[in-house]
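Next up: a single chain in structure tokens, the form predicted alone.
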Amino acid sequence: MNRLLELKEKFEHTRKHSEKICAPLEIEDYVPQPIVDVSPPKWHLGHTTWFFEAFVLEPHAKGYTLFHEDFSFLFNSYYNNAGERVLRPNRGLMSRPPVREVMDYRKFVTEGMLSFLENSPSEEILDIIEIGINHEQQHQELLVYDIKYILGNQPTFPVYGTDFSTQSEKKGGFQTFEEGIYSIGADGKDFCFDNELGQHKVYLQGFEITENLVTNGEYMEFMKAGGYKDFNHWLSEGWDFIQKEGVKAPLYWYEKAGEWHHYTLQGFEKVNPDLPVQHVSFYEAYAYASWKGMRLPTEFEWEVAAEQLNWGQLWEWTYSAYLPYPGFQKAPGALGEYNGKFMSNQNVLRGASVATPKGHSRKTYRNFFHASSRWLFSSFRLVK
């Protein structure tokens, strides 16, 4: 299959999949924004549509007419080069446009893109379309996080469905890796984001890394041992965070009749000790590792070990700051704002999760969030 046909097929599948994720929702679920990090599902659907309109159709499709002149202002996220926008904390105040109009917008732009693809766009434009597809896939995962947070803060803990469930971790030991010089990063032959470039060498001392993620049962032992009460295990900033926020357990966990329960997309359930612990911040992962007398892997150790690990259930915190690789170059214009400007005060996560769209993961992928973030599908493994 040539590249054009492959991208057309992937584009159509991606557009349908975003709407499939939202299918179990009630119309009222599309609008709330409980915290600043959580965007309303309606906004995700509009923003991923705006991306194709703003970066492909408007500048490159001859005779294209905007669906609505206000939608760039309403659905731009952080692209300063693309103009003014609604501030992030205010996305949940947007009762208008209604969901039906956002769905009309999606249909209008999708049809416009399919017509545009019939005209054999240049390789340069296909590159932008490929970024747009991957951009929507990123938002599909964020959409799942945000839906869970919206539903998980409802007093009735409503059921979403059985999708995006984790499985019991296979018990394993440690994998050993010798000291040496290793190649890190993407070679650029297949699609990757600019933050995965350029490929370079790193020296690593020998290390051992766990074959499985830390489980709920293992994490409960940390809690029983007073892990959230002993400052000795915590980074100073992490200790301040849990004191200020009153954090005593992973997100969505509740103690009921002496036992731990948590909200899942299947509803309110007793915590299964064999499942990987989920919804923990970098601070919590660090504290647990310290309590165990171990540490978190660096992103380079993780990448070297990736082919021999069981990964893909949950994103994994690393003890690496999100920084540019040697030779990193930011693209000109708005697309240059995609990754580079966030390279400060973020930690790298590696792997993938049950919410990551099929085909969107690879061992060089660098996810990144602030150390306090807990609503993402996050976990961790240990190194000694």
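Residues carry their position along the shown sequence, with the first being 1. Here the structure is a predicted model, which means the values were calculated and not measured.
One more form of this protein should be noted, the form predicted in complex with another copy of the chain, which is absent from this view; the next part is about it.
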- Using a 4.5 Å heavy atom cut-off, indicate which stretch of 318-326, 44-52, 353-361, 57-65 touches another copy of the chain in the predicted bound form. 318-326
- Item | Of P98, G267, G172, G217, the one that lies within 4.5 Å of another copy of the chain in the predicted bound form (heavy atoms) | P98
- Task: Counting non-hydrogen atoms within 4.5 angstroms of another copy of the chain in the predicted bound form, say which of V202, L114, A306, L126 makes the cut.
- Result: V202
- Heavy atom of M94 within 4.5 Å of another copy of the chain in the predicted bound form: yes
- Would I150 show up as a contact with another copy of the chain in the predicted bound form if we use heavy atoms at 4.5 Å? yes
- Message: Since only the chain is shown here, I'm wondering whether M343 would be in contact with another copy of the chain in the predicted bound form (any heavy atom pair within 4.5 Å).
- Response: yes
- Partner proximity in the predicted bound form: H13 to another copy of the chain, non-hydrogen atom cutoff 4.5 Å: no
- Using heavy atoms only and a 4.5 Å cut-off, decide whether all three of G132, L142 and M223 touch another copy of the chain in the predicted bound form. no
- Note on the structure: Checked 206-237 against another copy of the chain in the predicted bound form; residues with a heavy atom within 4.5 Å, sequence order, are F231, N232, W234, L235, S236, E237
